[in-house]
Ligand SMILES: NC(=O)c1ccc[n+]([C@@H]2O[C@H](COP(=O)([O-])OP(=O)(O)OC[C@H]3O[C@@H](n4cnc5c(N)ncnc54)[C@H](OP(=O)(O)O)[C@@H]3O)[C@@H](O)[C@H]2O)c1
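The chain that follows stands alone, in the form predicted on its own, written as structure tokens.
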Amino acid sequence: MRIAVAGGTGTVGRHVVDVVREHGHEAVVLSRSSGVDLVAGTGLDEVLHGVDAVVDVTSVMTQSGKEAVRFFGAVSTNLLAAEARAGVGHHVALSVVGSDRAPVGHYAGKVVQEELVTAGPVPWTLLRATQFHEFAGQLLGQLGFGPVHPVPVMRSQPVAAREVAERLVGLAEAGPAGRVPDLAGPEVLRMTDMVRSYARATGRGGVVIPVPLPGRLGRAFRDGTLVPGPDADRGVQTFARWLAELPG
């Protein structure tokens, strides 16, 4: 198969590209370095020629609902239109567990993405996953004021990005399946504990302060909205195991 990976240089995308190649397929990375601008929609027609499936794992680091909607709306619209022109037979999209129950901030963009994919012209598969193990490090790096690191009060069931990639490639190989079971990690954790553990494991100093965010998004973080139900599939790599395997 020839599988294109949108967002193939990102946290999950790098793993998707690796798994595609390990399975003996050809990986086509859709990135600006390959002449593709997904937001503008330029360069897609050329690179999608002969592609069997597209795996979309694009993301944007924002909590602005307006910016998230703009990004995911543009990327999904451009990808789906170009896939239809190129005769691509399968679009695989990665979304977030609970996004439809808390359609604000970043998750507002994911809701728009899902709507475009499910109503679009290309046969599709949609997988929702929980936050990745790497999310703890991203929070530590973004939310810091000197030695103080405020972290949202949040319940999470983090999953290994590699396991998400393996599921996505398997879905691409299997053909369009619509909405498939959610994928989460093996355990529910508090985000503040995850960030503290990440800081210790990577030799980072500072104090992690739990901060309950206001509004609908803050409630979703705290009340388990972003934690999957009992029917979700479970990964096997724990957050502690992932930390232990980080390069030294």
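Residues carry their position along the shown sequence, with the first being 1. Here the structure is a predicted model, which means the values were calculated and not measured.
Separately, the form predicted in complex with the named molecule exists; it is not shown, and the next lines address it.
- Taken together, the three residues Leu30, Ser59 and Phe135 all come within 4.5 Å of the named molecule in the model of the complex, as judged by their closest heavy atom.
- Using a 4.5 angstroms limit between non-hydrogen atoms, Gln131 touches the named molecule in the model of the complex.
- Within 4.5 Å of some heavy atom of the named molecule in the model of the complex lies at least one heavy atom of Thr11.
- At the 4.5 Å threshold, heavy atoms of Val96 reach the named molecule in the model of the complex.
- When contacts are judged by a 4.5 Å heavy atom cut-off, Ala220 does not count as touching the named molecule in the model of the complex.
- Just one of Glu187, Asp45, Glu26, Asp37 comes within 4.5 Å of the named molecule in the model of the complex, counting any heavy atom, and that one is Asp37.
- His106 is the sole member of His149, His90, His106, Arg167 with a non-hydrogen atom lying within 4.5 angstroms of the named molecule in the model of the complex.
- This chain is displayed without the named molecule, yet in the model of the complex the stretch 66 to 74 from 46 to 54, 208 to 216, 195 to 203, 66 to 74 comes within 4.5 Å of it by heavy atoms.
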